[in-house]
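Let's start with one chain on its own, the form predicted alone, as structure tokens.
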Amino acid sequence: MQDARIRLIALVSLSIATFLSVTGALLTLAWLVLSPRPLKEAMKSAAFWVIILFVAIIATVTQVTGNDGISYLIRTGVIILLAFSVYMEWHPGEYLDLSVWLFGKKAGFDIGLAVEMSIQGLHEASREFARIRSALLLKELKPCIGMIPSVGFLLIHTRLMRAREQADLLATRGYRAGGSCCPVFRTSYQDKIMGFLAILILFLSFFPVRDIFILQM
């Protein structure tokens, strides 16, 4: 979707629908299939599968202890897939526009700037991790659990140093609060349809499957 406003509405609506019921989760999954490109990109992410693995372990333990682990796995898995798919559609600057549209030029600019810098930091951390993996391959070292603390410390230390550099740069340029930003959004016909379907799924998630399809068992 091109319009960040509709994407935000869809994200909130579908997240609530998925949390409420398995029906909402399955309908949300069908909604994601309608936009295959971000869905494919999300499923290529190694981080996505790592998180799903931990969720599956928790769901298995929950099921074994007598609770509904299958429902937990479906709903949580779809929420994670939704978050990754929406993240894959992010473009630099659009969260700044969205924040200014929501909260105004002063507060919205500060919030949007913080979000943009945070997302930029995630991208840089991902590239740093890729470089670390390349260095390990060049040295013919195999990744192991014992490397997690050192790699984690290196990534956190690098991000803190760059955050300090960015703060110094903003202070040098005289930044205090607020800024000038004129949000521009492009809304396509597909965006309107996807937004409407997301709200419809939220409405349908309040009803059991048999009530939606009017089936009698």
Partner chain sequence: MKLSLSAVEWHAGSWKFRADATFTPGVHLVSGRVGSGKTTLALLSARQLQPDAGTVVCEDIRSCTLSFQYPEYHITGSTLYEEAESYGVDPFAACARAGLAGRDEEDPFRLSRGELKWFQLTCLLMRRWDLLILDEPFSALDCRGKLAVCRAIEENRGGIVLVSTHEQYILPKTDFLWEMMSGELTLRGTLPDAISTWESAPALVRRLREQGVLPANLTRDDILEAACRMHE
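Model, not experiment: these values are computed from the prediction. Numbering follows the first chain given and starts at 1.
If you look for the form predicted in complex with its partner chain, you will not find it shown, but the lines that follow are about it.
Interface residue remark: His91 is not counted as part of the site for its partner chain in the predicted bound form, having no heavy atom within 4.5 Å. Though the partner is left out of this view, Phe153 does reach within 4.5 Å of its partner chain in the predicted bound form, counting heavy atoms only. Using a 4.5 angstroms threshold between heavy atoms, Lys139 counts as touching its partner chain in the predicted bound form.
Residue contact with its partner chain in the predicted bound form: Ile132 places a heavy atom within 4.5 Å of it. Proximity to its partner chain in the predicted bound form, defined as a heavy atom within 4.5 Å, holds among Ile57, Ala30, Met161, Val64 only for Met161. Note on the interface: of 81-89, 96-104, 109-117, 124-132, the segment with non-hydrogen atoms within 4.5 angstroms of its partner chain in the predicted bound form is 124-132.
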